[in-house]
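Just one chain follows, in the form predicted on its own, and it is written as structure tokens.
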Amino acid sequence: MTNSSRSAPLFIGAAVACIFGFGYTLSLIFYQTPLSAGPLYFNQKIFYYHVPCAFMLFLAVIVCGIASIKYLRGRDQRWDDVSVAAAEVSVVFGTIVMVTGVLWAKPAWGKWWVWDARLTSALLLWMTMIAYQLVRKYGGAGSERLASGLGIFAMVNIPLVYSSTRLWKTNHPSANTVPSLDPSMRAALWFSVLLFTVFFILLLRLRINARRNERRLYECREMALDAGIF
């Protein structure tokens, strides 16, 4: 039995858990947590997706950075597969963070975007991971090493993004506001974080497996070309 066959039930179980979990999260967010007063009102519900996706962006970049270090040290393609998969997942979650952020900002600040420290550093992080993808696709020979450097740079940027609201005066709310939330809001937030963590692991594992299968097919094709089969 192959590793893929053994892990298939786990993938299916995680996928089913995510489907029901997202349904339950919607119930928590829209029926069991209070609406905010003032201009945010309904838009405040974005918070329960924006924050967990930001956590998953950080997590994906950290995985990418660590895997990039491992790859540069030993040139083990398996670590490169992890790095590529995590980078792709980070772009997905980063895009969600950017979109939900501007949707929240308009009613909160009256502007779609402000160039404060939190938003600018988060934008730099997201764009770095997009650059990773572009380097891997169009960088040619040596792109693996250059992209790994970008992954490490992005990981180093995470503490700056996270602590930016403490280091500088920003419009963005601080993480210190979470303990002051209504108990039902905190419960919905942390359940959403847990759910997105399971979803992140599922996406990452699926993409790693796909990446490794793609590499094996490429290697088989090269062997066939060298043998004159094609």
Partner chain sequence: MEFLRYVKVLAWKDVRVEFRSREIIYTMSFFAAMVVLLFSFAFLKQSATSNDMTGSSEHSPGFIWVAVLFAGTLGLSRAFDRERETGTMRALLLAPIPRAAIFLGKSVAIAIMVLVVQAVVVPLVALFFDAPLFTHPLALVCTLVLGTIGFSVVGAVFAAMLIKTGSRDVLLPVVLYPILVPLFIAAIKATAAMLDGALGDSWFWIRFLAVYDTIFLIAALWTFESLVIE
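All figures in this text were calculated on a predicted structure; none of them were measured in a lab. Positions refer to the first chain, counted from 1. The term rigid core refers to the most C-alpha atoms you can superpose between the two forms while keeping them within 1.5 Å.
Omitted from view is the form predicted together with the partner chain, to which the following refers.
Within 4.5 Å of the partner chain in the model of the complex, a heavy atom is found for all three of T128, A154 and L160.
Among heavy atoms of I69, some come within 4.5 Å of the partner chain in the model of the complex. Within 4.5 Å of some heavy atom of the partner chain in the model of the complex lies at least one heavy atom of Y138. Taking the partner from the other structure, the partner chain in the model of the complex has a heavy atom within 4.5 Å of a heavy atom of L167. The partner chain is not shown here, and in the model of the complex it never comes within 4.5 Å of any heavy atom of V114. V92: CA moves less than 2 Å between this form and the one not shown after rigid-core fitting. Once both forms are fitted on their core, a CA shift of 2 Å or more is seen for D116 between this form and the one not shown.
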